[in-house]
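The form predicted alone is given below as one chain in C-alpha cells.
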C-alpha cells in the first residue's frame, strides 16, 4: 500500500473528542486529517461516548460536530469498506452494525441533539445528520451523495435520508448526479434548519441550545420521539399515539410541570406559552 492508504494509527479512544460546558456536550468527530470519515474504530468509540453522556446530569443538550475543516466525509473507504470486505462477510456485517447502531441510538436519544455542520457532510454522514434532531451548517459546508461516482448506491440509510429531507425530484437528482450542495442550497432544500456565516455558526448553535435547556426535559424527549414516530403513521394512528404519549408523559412528572406552568400563566401572568417557556426551576 502507498503511505496515503495505510490504516489510521490513532488509538480508538482518540477518534472522538468530547467537551462538556454549561449543560452542552460538544462531541467531535476527531479524524481531521481524514476529513472525519467514519472508521470502525470511530463508530465503536462514538457509541461509547454518546451512551456515557446520555444520562449525565450535567448534560442537557448534545452537539455533534467535526474537528477541523469537515463534519464527516462519510464512511472510510479503506477501513470501513476495503479492509472489512477483504476480511469477509462477518466483518462487513459487524462494521455495519457498529455504524448503524450509534446512529439509531442518536435518533432515539433521551436528550435534544444538534448537528453543527462545519464542513463536508458526505455519504454515510447523512446517517448521523438525520439522527440529530436539529441541524445547522456553515455557508462553506458541502453536502453530497457521491456514491454514484464510485459505482455504488447511497446505502446505509443515505437514500432514505435524502427522500425524507428533500423533495422527490431533488432527492433523485442529488443521488443520481453526485453533485455537491452548498450550505445555502442545503438549507433551502431542507437538509438543515439554517445556514449561517462560518463565524456565526457556533454562536447560533449555542443560542438554540440555551433555548432547549429551558424546556422541560421529559416534554422535550416525548416531543422529539413523537415527531419521528408520527411521520410513518396514518392521521388516526398518530392521534391515538399522541394521546397515549401525553398520558405517559404525565406519569414522568408531567402533571407537576403542567400545573406549575399553568399557575405561572393564569395566576402570576409571568409568561405566555406562545412567546417562551415557563420557569421550570420553580418546580420542586
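Numbering follows the first chain given and starts at 1. Because the structure is a prediction, the values reported are computed rather than measured.
Heads up, the form predicted in complex with a small molecule isn't pictured, but that's what we're talking about next.
For the options 251, 33, 51, 232, the residue carrying a heavy atom within 4.5 angstroms of the small molecule in the predicted bound form is 33.
Only one of the listed residues (135, 73, 99, 141) places a non-hydrogen atom within 4.5 angstroms of the small molecule in the predicted bound form, and that residue is 73. The stretch that touches the small molecule in the predicted bound form, counting heavy atoms within 4.5 Å, is 74 to 82, out of 203 to 211, 106 to 114, 74 to 82, 188 to 196. A residue is said to contact a partner when one of its heavy atoms sits within 4.5 Å of a partner heavy atom; residue 150 meets this definition for the small molecule in the predicted bound form. Contact between residue 127 and the small molecule in the predicted bound form is not found at the 4.5 Å heavy atom cutoff.
With a 4.5 Å cutoff on heavy atoms, residue 37 counts as touching the small molecule in the predicted bound form.
Contact annotation for residue 182: none of its heavy atoms lies within 4.5 Å of the small molecule in the predicted bound form.
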